[in-house]
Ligand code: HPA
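There is one chain below, alone, in structure tokens, taken in the form predicted on its own.
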């Protein structure tokens, strides 16, 4: 079964037919909200709003472990993450869709693993390629099938949030090799790997990162909502095409 985790700008799927809503409890606490079971076309899908259905949970307080565990309990085998990001690379401006292929983790203090000692042996996961290659390929094929242009590959820098970054911090991220910056890829991607769940992402560039493009002096929040509204329509079309595969 496929799960879609919606981030900022995607708290619901317009073309998603909800069959049932399930409140789930996990050994790690409560997930961000109820799991929404339904269909996208003829494809069974589970939807979860990462920040809650009222967008009330900041990125550093998302219970990533509970979210991923709840999806695993629901027999989910594949997860597509949808998240908004800031563009660092010159060609990744507002409205561009990106299917990232790498992650750099700058977060701190988050619960990052299911293996915290005790009776169970420690598990060291291979995280060389943080996104599942097969699911990434399917997303790219779905975008092509829907006639939608996406950027194939980018390094996602995961920062702590909820504040946005300084221009100097973005300069540092660029020197480190980052192409986009967001706040939610980690530990979500690593937890999926620990649970042997295929995980890939579609990122929507909501704005240029601090010090870049039209964010050279300050980020204009007034334009972000309109960018996300238009871009998420394309994301929904890609997800619908993915379900046809």
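Since the model is a prediction, treat every value here as computed from it, not as a measurement. Positions refer to the first chain, counted from 1.
Same protein, other form: the form predicted together with this ligand, not shown, and the subject of what follows.
- Task: Using a 4.5 Å heavy atom cut-off, state whether residue 144 contacts this ligand in the model of the complex.
- Result: Output for residue 144 is no: heavy atoms all beyond 4.5 Å of this ligand.
- Message: So in the model of the complex, is this ligand close enough to residue 207 to count as touching (4.5 Å, heavy atoms)?
- Response: Yes - in the model of the complex, heavy atoms of residue 207 and this ligand come within 4.5 Å of each other.
- Message: Please tell me whether any heavy atom belonging to residue 86 falls inside 4.5 Å of a heavy atom of this ligand, as the geometry stands in the model of the complex.
- Response: Contact check for residue 86: yes, within 4.5 Å of this ligand in the model of the complex.
- Would residue 104 count as a contact of this ligand in the model of the complex, using a 4.5 angstroms cut-off between non-hydrogen atoms? No, residue 104 sits far enough from this ligand in the model of the complex that none of its heavy atoms falls within 4.5 Å.
- Between the options 200, 181, 70, 192, which residue brings a heavy atom to within 4.5 Å of this ligand in the model of the complex? It is 181 that has a heavy atom within 4.5 Å of the partner.
- Tell me, out of 140, 148, 164, 74, which residue has a non-hydrogen atom within 4.5 angstroms of this ligand in the model of the complex. Comparing distances to this ligand in the model of the complex, the residue within 4.5 Å is 164.
- Item | Which of 127 to 135, 112 to 120, 93 to 101, 78 to 86 sits within 4.5 Å of this ligand in the model of the complex, heavy atom basis | Only one stretch passes the 4.5 Å heavy-atom test: 78 to 86.
- Select from 17 to 39 the residues with a non-hydrogen atom within 4.5 Å of this ligand in the model of the complex and write them out in sequence order. Contacts from 17 to 39: none.
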